[in-house]
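First comes one chain, alone, set out as structure tokens in the form predicted alone.
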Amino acid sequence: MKLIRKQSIASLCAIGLVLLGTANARANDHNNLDAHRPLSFDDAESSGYREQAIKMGASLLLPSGRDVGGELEVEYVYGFARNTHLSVGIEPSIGGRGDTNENGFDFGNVSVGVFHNFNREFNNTPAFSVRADAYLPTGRDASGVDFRLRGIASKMVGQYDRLHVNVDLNVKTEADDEDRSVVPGVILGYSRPLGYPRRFNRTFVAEVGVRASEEKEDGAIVSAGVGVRQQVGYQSVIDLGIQGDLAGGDNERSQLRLVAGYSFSF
């Protein structure tokens, strides 16, 4: 009964996101980078004031020594104040995954986050932002609310290249005995428009990151990824990417992720 209740809450959130997505779309900036579309890092730019967007993606998971899996990501974003936006998301998954031995369907935890940009980039000063997310325990066997605090800095280097540094602090309120309750991590992201100045509808992205393993006995996990965001019209953007673990702990399996997504604003 407890599992059914969790899945019902997650289903209602998913239905709400789909209904919001039926509205007419407006412009969506392919150069405004968001986590999971297609890589893990954010840039320091917030969504526009009163802008709404739906961001969707599907990932093919190829964990080492386990069955192939799949993951769906859906996120609703709303710029409720100047330089600040709210996000609500879900990540249901099925099949093999690198961080668990479960293969069954999992609706995943519902996430609620706030993103705030403190300043625009000027001269030698990068743009700075902070993002705070809470993950409600709606997934299979989940317990307690998890939190993530992310500090973000973005800056141009040269004429077109742009660097993004994300520093994460993940906190579990009900961690298992063998797990860490606080998991730090850092990601260095890179973006560059392709075809500029003749065209400005495609952006190349890349990242390398390191984070502590969730298992107390394991060391750091190093990962990397590359991808591209392509504006497919005035209203929408598609993204494609590939991510993989370069080094990891003994108990948490490495995995390869093939990511494809679609975003639109309204």
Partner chain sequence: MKSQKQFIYASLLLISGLLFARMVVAQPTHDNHEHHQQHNQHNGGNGEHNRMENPAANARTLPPLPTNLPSWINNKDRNHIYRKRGRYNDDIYKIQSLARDLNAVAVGHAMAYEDLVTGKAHKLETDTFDRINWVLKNPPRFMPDEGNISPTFGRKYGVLEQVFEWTHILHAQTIDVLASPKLTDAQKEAEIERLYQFYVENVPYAITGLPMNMGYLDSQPYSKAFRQKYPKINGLFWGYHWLQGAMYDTLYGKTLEQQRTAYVPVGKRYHEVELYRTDRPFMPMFAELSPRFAARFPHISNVFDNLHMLHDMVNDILASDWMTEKQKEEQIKRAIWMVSAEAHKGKKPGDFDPNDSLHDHRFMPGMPGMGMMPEGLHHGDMHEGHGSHDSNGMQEDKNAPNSENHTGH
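Source: prediction; values computed, not measured. Numbering follows the first chain given and starts at 1.
One more form of this protein exists, namely the form predicted in complex with the partner chain; it is left out here, but the text below deals with it.
The candidate site formed by Asp99, Ser213 and Leu246 is entirely out of contact with the partner chain in the predicted complex, as no residue has a non-hydrogen atom within 4.5 angstroms of it. Look at 33 to 41, 216 to 224, 56 to 64, 229 to 237: in the predicted complex, residues with non-hydrogen atoms within 4.5 angstroms of the partner chain sit in 229 to 237. Only one of the listed residues (Phe105, Tyr196, Phe147, Phe80) places a non-hydrogen atom within 4.5 angstroms of the partner chain in the predicted complex, and that residue is Tyr196. Although the partner is absent here, Glu178 is not a contact residue: none of its heavy atoms lies within 4.5 angstroms of the partner chain in the predicted complex.
For the chain shown alone, Gly209 is not a contact residue for the partner chain in the predicted complex, no non-hydrogen atom being within 4.5 angstroms. Proximity of Gly69 to the partner chain in the predicted complex: non-hydrogen atoms within 4.5 Å are absent; the residue sits far from the partner. At the 4.5 Å threshold, heavy atoms of Ser265 reach the partner chain in the predicted complex. Within 4.5 angstroms of the partner chain in the predicted complex, the stretch 142 to 165 places a non-hydrogen atom from each of Met156, Gln159, Tyr160, taken in sequence order.
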